[in-house]
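Coming up is one lone chain in structure tokens, specifically the form predicted alone.
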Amino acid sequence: MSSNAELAKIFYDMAAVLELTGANAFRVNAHAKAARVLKDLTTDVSTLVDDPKQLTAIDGIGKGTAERIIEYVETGTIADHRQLMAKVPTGLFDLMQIPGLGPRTIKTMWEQAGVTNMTTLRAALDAGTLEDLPRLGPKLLENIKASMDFVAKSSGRTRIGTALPLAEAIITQLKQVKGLKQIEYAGSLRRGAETIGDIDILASTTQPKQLSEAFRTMPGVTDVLGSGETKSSVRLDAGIQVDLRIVDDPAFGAALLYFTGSKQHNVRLRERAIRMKHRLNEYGLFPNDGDSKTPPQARGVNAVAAKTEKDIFKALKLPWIAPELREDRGEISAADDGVLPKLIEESQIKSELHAHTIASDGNFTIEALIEQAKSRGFHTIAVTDHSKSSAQANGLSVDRLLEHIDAIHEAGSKVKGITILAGSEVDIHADGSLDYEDDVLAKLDIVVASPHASLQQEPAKATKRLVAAISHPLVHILGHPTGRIINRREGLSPDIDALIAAAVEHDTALEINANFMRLDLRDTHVRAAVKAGSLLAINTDAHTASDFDSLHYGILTARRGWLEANQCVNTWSASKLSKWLKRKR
């Protein structure tokens, strides 16, 4: 694990302890923000400690945080962290992963019922000793039991490629219910995050009872966790919780803005509203008339804006900010300055530069892959089967590769309207060397170099390995750079800024692998690459026809990284792409 990841965990832990012990919200939020900043930072923070001003120049890292970072880098530990961790049982951190269990409730169970971990919570639930505690009614306790079962068999986070189709299917079904006016999914799913805690759906309707009943009785519902006039919660057989909130149609935009989040983005908007002498909440943007006790909507005060998100942003003197940007990473300042990116769109992708056939581990013949690419409107398709070291993927020996190149060119000569590239996804060995010799690589139209083995290398070696591949004069694209699998494998932790610098220097593209189990580069890496001016490629790594649909997840990740179309090689015209490819030949 990198220094950034280790420090992020430490600050998350400190924030959790402060919350569990009832510290003021400012201290909790300061530690949580430091954790988020460190997690997203692409520069290894250990390289900045010689000059503390470099640390405090980072938004979210103040003097105290910088001192703790320096302490950790120099000693391997933080005294404040040790002291805080000694205040609470470590098992309470596991309890915070259970949906429906907040810090206050956990604190109550710990202090009044001796609950310290999953085991003691399960025992207390079975013994009925929690039923008399404040805010712990029978229904909530029943839901906690169900959530514990869910957490026990999953990470608690669902990959976006699983969650999004479920949300879309639910919305399609609920659109058939009479009286429905508007319906959207919200939360981290709408922001395009790589994993989802649960699915939030907002709807407005003239028939709320019918809509709620249809939602709770949908196919696939295994448990009804809550049933109210405006909110229902269910668990699906896929293991994910789904919440339906019914809101007033005139305030739909305000609710969508609020429940899309992120929490930090919403805080920034509320602060802006206050400076403009307004109040912003899930019901709308209201004039601030000085009554801080009673919400304006409860007093019949008319909203300045509420119907659409665009109305609210306009009233706050901001352009509409795309959901993927709403992570409090400078998007409001960029909006103020008129420099929000014109984010890449899926329709702008015109080529697929990383795909596999039956020659290695794909399901396509060469001809079938070409037809699939043509059906998607692409002007170029690259056939990039695995190299010889990927034995598990039926990687091609040199002789097989040379035969494959001829077969690709022959198939391409028979098809009009699309360019077919003979390429390879070439393994990057642990020492940074490539799986084919240079004379073989030179015969390929395109080389995607990817790490597949030795994925637990320590960061410095991983960085050197990947920089060597990026710098190779015959390599066009660095494929899925860290080799991670979301929720399953951490992969490499290289110095991303060093990779980006090498990519800029050598005109090599860094891949956003759109497979929803990879999404590698991840969004924060994309943001750093965009800032530095590196080229990026968004590829599906297609093995089957349905893999082409994963492009959507790659686009969401790219948008979260502020990517515009001109920086993505897959959006270029056929002639521009060809010129770039040939510069390395």
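If you're wondering where the values come from, they're calculated on a predicted model, not measured in any experiment. So that there is no doubt, residue numbering starts at 1 and follows the sequence shown.
The form predicted together with a small molecule is left out here; the points below concern that form.
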**Message:** So, residue 465 and the small molecule: in the model of the complex, are they within 4.5 Å at any heavy atom pair?
**Reply:** no
**Prompt:** Can you check whether residue 188 is within 4.5 Å of the small molecule in the model of the complex, heavy atom basis?
**Reply:** yes
**Message:** Residue-level question: is residue 259 within 4.5 Å of the small molecule in the model of the complex, judged on heavy atoms?
**Reply:** yes
**Request:** Using the partner position in the model of the complex, report whether residue 109 sits within 4.5 Å of the small molecule, counting heavy atoms only.
**Result:** no
**Asked** Which one, 159, 443, 270, 216, lies within 4.5 Å of the small molecule in the model of the complex by heavy atoms?
**Response** 270
**Complete:** Picking from 457, 120, 394, 266, the single residue whose non-hydrogen atoms come within 4.5 angstroms of the small molecule in the model of the complex is 266
**in the model of the complex, segment of 79-87, 188-196, 172-180, 360-368 with a heavy atom within 4.5 Å of the small molecule** = 188-196
